[in-house]
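Let's start with one chain on its own, the form predicted alone, as C-alpha cells.
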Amino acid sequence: MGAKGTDVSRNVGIDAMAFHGPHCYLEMADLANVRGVDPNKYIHGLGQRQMAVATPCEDTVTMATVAAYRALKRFDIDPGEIGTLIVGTETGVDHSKPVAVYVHDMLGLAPNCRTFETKHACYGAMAGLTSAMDWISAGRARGRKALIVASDIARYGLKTAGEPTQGAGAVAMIVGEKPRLLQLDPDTFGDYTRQVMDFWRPLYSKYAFADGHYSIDCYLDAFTGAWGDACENAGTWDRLRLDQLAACFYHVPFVKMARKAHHRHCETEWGDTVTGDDEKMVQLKASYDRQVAPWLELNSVIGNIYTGSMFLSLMDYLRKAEPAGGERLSLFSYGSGCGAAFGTGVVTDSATRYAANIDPAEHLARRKRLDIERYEQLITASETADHNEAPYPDPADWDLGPGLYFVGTRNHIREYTGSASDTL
C-alpha cells in the first residue's frame, strides 16, 4: 500500500490509539483576564483555547495506564499480545524506577514483556515508536505487539511566562504488523541530534527552565536536519514532497508553533526564504490551511502534553478526516536538548472505521471547568503532593469520580487506588 502508487517496504505501524487526560481544565480567557493580559494573546497569539490541568491525584502513571487500557479495550487487543511496553515522558515519577513498570503492573501484562521508559524531552515517545518499529521489523516480536505511551504534565508555575503553555495528558499507541490505522514507512525516517541548552529541568526542580526564542530556533534547525536525513535515507524525496502529503504533523508545545514549523517545512523543500505577501507566501498559507490547521483542535483544548503533542494532531486527523486509505502523512517530533525525527506513514484502508474508537470527545466533554481560585489551589497542592511528609492527596478533595488515582507517598513508596477499568 502507498500514496501515489509508492509501496511501503514493511507492513508495520500504528494499530490502535487512545487518549486520557485530567478531569479538569481552565479556559485561557479566564487565565488571561486574571493575569491582566488581552485574551487574544493566548487564544490567537498562542492558538490555545483551553488547558488541561492535572490534580494532585493524577500523574503520568495514572494517565498512561488509563490511555493504554482504553487502546487495548477499544481495539479488542488482549494484554497478552503486548511484548514491549515503552513510556515516553519527561515528567517521570522517580529518578530510577520507570513509569512503564507501574503501567505494566496495573495492566497485568506478561512478565516476558520488556518494559522501559524513554526520556529526551518531548522526543521520548517518538523514540519509543521508532524503536518498536525496528523491534518488529527485526523479527524480535514473534507476532506480538508493542505498546507505546506518551504521558506528561507540562507545569511551569503560577504567574510565570510559561504558564499559558501548560497542559497534561497521555496518548497510547499499539504498534504491530498489519496495522489498522497507519502504516509507517521506515525508509522515510530521518534523525537529528545536537547538544543545546534551550530547555531543561535540573534534578532539584519541579519546573523547567527555558530560553524560549532560542528553543524555537533549535526546533526549526532540527526540522531541517531531520528532514534532510529522511531524504537521504529514502534515496529520493519523492515520497516526502509536500504535494504527496495529505497532512503534516509537528510537535505542538503551543498551537502557533505548528505554523512556524510548516513555514520552515515549505522553505526547506522549496529552497527559498518565504516572507511578505508574494506568491510563495500565498502558497504557504494555502498549504498550512489544508495540511496542518484542520488537525490542531485537540491541541487547542488540551494544551502542551510534551511527548504526546504531535500524536494528538494525528489523532485529530484520524477521528475526523474520513480518509479513504492510501493518504501519506508526515510526522515530526522535536525534543529540546535536542533530538528530533521526521518520517512518514500511509493511512490504511480500514482507518476510517475506527474514528469513533479514537475520538476523545466524550472524555473531554466530561471535564470540569476550574475557576481561577480553584486552579491556583490545585497547582499549589500539586507542588508537594508526592513528598513523603506531605498530606495524602484525596480524590474526594478534587471532586473526582471513580478511577485510578495517586494517593500519596508512604515510607517513600508511591501508592495508588482504583483501577483503569473504574475510570469513566
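If you're wondering where the values come from, they're calculated on a predicted model, not measured in any experiment. Don't overthink the numbering: it's just position in the shown sequence, from 1.
What follows is about the form predicted in complex with a small molecule, which we do not show.
Enquirer: Work out which of the listed stretches, 208 to 216, 169 to 177, 224 to 232, 345 to 353, brings a heavy atom within 4.5 angstroms of the small molecule in the predicted bound form.
Expert: Residues of 208 to 216 come within 4.5 Å of the partner.
Enquirer: Any of the heavy atoms of W135 lying within 4.5 Å of the small molecule in the predicted bound form?
Expert: The answer is no: W135 has no heavy atom within 4.5 Å of the small molecule.
Enquirer: Examine K256 and determine whether its closest non-hydrogen atom to the small molecule in the predicted bound form is within 4.5 angstroms.
Expert: Judged by the heavy-atom cut-off of 4.5 Å, K256 is in contact with the small molecule in the predicted bound form.
Enquirer: If we define contact as a non-hydrogen atom of the residue within 4.5 angstroms of the partner, is K41 a contact of the small molecule in the predicted bound form?
Expert: Yes.
Enquirer: Does any part of G128 reach within 4.5 Å of the small molecule in the predicted bound form? Heavy atoms only, please.
Expert: Flag for G128 set to no.
Enquirer: Is every one of F19, R49 and L296 within 4.5 Å of the small molecule in the predicted bound form, counting heavy atoms?
Expert: Not a single listed residue reaches the small molecule in the predicted bound form, so no.
Enquirer: Pick from Y288, F199, Y192, F189: which residue has any heavy atom within 4.5 angstroms of the small molecule in the predicted bound form?
Expert: Looking at the other structure, the residue within range turns out to be F199.
Enquirer: Which of G162, G83, P323, G92 has a heavy atom within 4.5 Å of the small molecule in the predicted bound form?
Expert: Contact check passes for G162.
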